[in-house]
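This document starts with one chain, in the form predicted alone, laid out as C-alpha cells.
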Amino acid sequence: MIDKTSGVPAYRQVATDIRAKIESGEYAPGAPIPSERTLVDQYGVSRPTIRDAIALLRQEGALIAEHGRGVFVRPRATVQRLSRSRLSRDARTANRGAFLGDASAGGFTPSTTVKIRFEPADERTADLLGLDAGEEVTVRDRVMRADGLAVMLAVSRLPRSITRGTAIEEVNTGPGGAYARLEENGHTLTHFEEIVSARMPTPEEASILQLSSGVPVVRVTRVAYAGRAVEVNDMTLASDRYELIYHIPAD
C-alpha cells in the first residue's frame, strides 16, 4: 500500500491510511489500533516508520497512548453542550441550567470547584462590561467535572457594584446559580451572546484538563445582558470531551 514513487514520506502514507480507517469507523473510538508488529507486516515498512506515523496521529489528537496498554483511537466526546433552553429561566428554576442541564441530559455526575477573587477590570473586561478600566470586578473561577474528570474551565467576571453583599460572591450561589441571584436583585436577564473559537491550550490548561499532546481546546466567551452587560464568562472546553449542539429555528 506504500507508493515509493509518490514523493510522500512512507510514515505520512501510513498515517493517512490509519486516519481514513478511524474516520470510516473501521478503527472504532476507544478501540486499540493493531500492534506495531501487525502494522509493520501490513504496510511492509520498518518499525521506526510505524512509530513516526503513530506519533503524527497522536500529535493531531486522533490517537492516545496509555502506558502499558497500547495505543487507542481517541474516544468520542463525553459531554454534549445543548444550546436549547440551557440558559432559560425555566431551566434555572428547575436547577438544570447550563452545566447542570448538560449533566441531566448526559447522565453524568457534575461537580465544580469554585474560587472567588476580586480584581481591577482589564481593558478587555471593561470594554465588554461597559466599565472604566480598573473598576473592581468579582471573579468566579471554576473547574467543571463530569464523573470526576475535568472537562471545562470557566471564569466569570461581573461588576462588583452589582455583586457586593450577594451570594454571587459566595462559593455556593444557591439554586439557579449566579443568574438567579442577579434576577433576584433586579437585574432581569434579556439575552446572551456567545463567541466560539478554538486554539491550543496553555500548559496550565493542558495540565488541569489532562489533555494529550495535540488536543486543542474550544473557547466560548459568553456575555450576559440585563439591559447592560452584567457578566462576561470565558469558558475553556476540552475538545476531546465536548460536542456543541445548537438548535437553530428556521423562522
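Rigid core: the largest C-alpha set superposing within 1.5 Å between the two forms. For every residue, the number given is its place in the sequence shown, counted from 1. These numbers were taken from a predicted model, which means no experiment stands behind them.
Not on display, but discussed next: the form predicted together with the DNA.
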One stretch from 61 to 69, 179 to 187, 219 to 227, 193 to 201 that, in the predicted bound form, holds residues within 4.5 Å of the DNA by heavy atom: 61 to 69
Touches the DNA in the predicted bound form: Ile22 (any heavy atom, 4.5 Å): no
4.5 Å heavy atom contact, Gly214 to the DNA in the predicted bound form: no
Interface membership of Gly44, the DNA in the predicted bound form, 4.5 Å heavy atom rule: yes
Glu26 within 4.5 Å of the DNA in the predicted bound form, heavy atoms: no
Members of 215 to 245 lying within 4.5 angstroms of the DNA, judged by heavy atom, in the predicted bound form: none
Cα displacement of Leu182 between this form and the one not shown reaching 2 Å, rigid core superposed: no
Residue shift check between this form and the one not shown, rigid core fit, Glu194 Cα at least 2 Å: no
Ser239: Cα shift of 2 Å or greater between this form and the one not shown (core-aligned): no
